[in-house]
Ligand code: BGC
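A single chain, nothing else alongside it, follows as structure tokens in the form predicted on its own.
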Amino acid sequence: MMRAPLLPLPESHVMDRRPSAAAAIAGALFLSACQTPTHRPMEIVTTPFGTTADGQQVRLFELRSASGPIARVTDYGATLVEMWAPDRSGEMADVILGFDDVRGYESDANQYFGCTTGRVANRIAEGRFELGGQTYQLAVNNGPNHLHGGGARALNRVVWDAEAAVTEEGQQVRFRYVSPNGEEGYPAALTMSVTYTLTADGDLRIDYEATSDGATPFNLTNHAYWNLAGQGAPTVLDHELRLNASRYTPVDATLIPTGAIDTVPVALDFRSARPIRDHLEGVAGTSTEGYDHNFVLDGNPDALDFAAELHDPTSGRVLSIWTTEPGIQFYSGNFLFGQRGKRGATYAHRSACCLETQHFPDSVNQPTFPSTILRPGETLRTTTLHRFSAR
């Protein structure tokens, strides 16, 4: 297993677990089966992506690599819209779910496809937490709980400022948003950025950064739905998954962690690669209705470290994920319902899966979990790297 070099701890006043750019791309795999352009474009192509219901113009940015993979991102929700990767014979396919324009992302058919979720990704019990002696009540939008930042002003539903650039590392788009004090019930004004970089070697790196003028919980993730056979393929259950996790956080009937961190049982043991369907029956009849679990990563929490590998045996495509986050939520697309997506594709039940790097669910109410509280004077930085290959 290839590993990025370990890094020294940062200064104490900066919550920074992001490695340097050199560390983030160290050990990158050359994809010998890629279709390689004759030259790398010097400009990032920007096209209209539609108009929101309230009249805001939205753009789509195309990032290209010298080795083949292509990413397209939009300023609506700082969302990853397309991710093209080659199979073992060099044939390209778009391997994430999404929509053809912004109206699809505003619709009820959207289940957080490719978006940036927050201010706090995952669940908060009853949408309530205490901080600094004050109780805060957030939207309850997932049974009795708060999910993925709330309602109309959650981060996946706002238009971010965008700045595109070609750098020595590759092509990138930096999205920036200032969430005012009280937005979706959260305390403090929060200034954040999400930067997508597609390196020359075809790695997709996502860098998150945030500062705040007051104490507030903060936990971002990208919510891409992956099917390495291509978006619209009928199932993801034959994909082979490996997770660098020997522990997980058990949940109650409403999917809120109990506070325990337990060794993975057989149905959740992905330490050796195996098809997703192998032990699905062991979780399908539980409260999660399939896989929807937070795994505690065994990697080094102070460096970019290996988290997961997803492999489609038919196409040969492989997705490897590296992160500075302590956890990864594996979700097996349990509530996909056949909605229409990009280019007329149909997204069937369990036709894609999510591998969301993040802090643990309900951390703001779980004192034994790694903290998600961002305080004034601190800068939070995290990184997740997606590496594409074929075999």
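As the structure is a computational prediction, the values presented were derived from the model and not from experiment. Each residue number is its position in the shown sequence, starting from 1.
The same protein also exists as the form predicted in complex with ligand BGC; that form is not shown, yet it is the one meant from here on.
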T74 within 4.5 Å of ligand BGC in the predicted complex, heavy atoms
no
Using a 4.5 Å heavy atom cut-off, state whether D292 contacts ligand BGC in the predicted complex.
yes
Using a 4.5 angstroms cut-off on non-hydrogen atoms, would N122 count as touching ligand BGC in the predicted complex?
yes
Does ligand BGC come within 4.5 Å of any heavy atom of N244 in the predicted complex?
no
The single option of E62, E325, D362, E356 touching ligand BGC in the predicted complex, heavy atom within 4.5 Å
E356
Listed residue that, although ligand BGC is not shown, lies within 4.5 Å of it in the predicted complex (heavy atoms), from T235, S193, Q111, N141:
Q111
Counting only non-hydrogen atoms, choose the one of 91 to 99, 164 to 172, 128 to 136, 145 to 153 that falls within 4.5 Å of ligand BGC in the predicted complex.
145 to 153
Though the partner is not shown here, which residues of 321 to 341 have a heavy atom within 4.5 Å of ligand BGC in the predicted complex?
Q329, Y331, F335
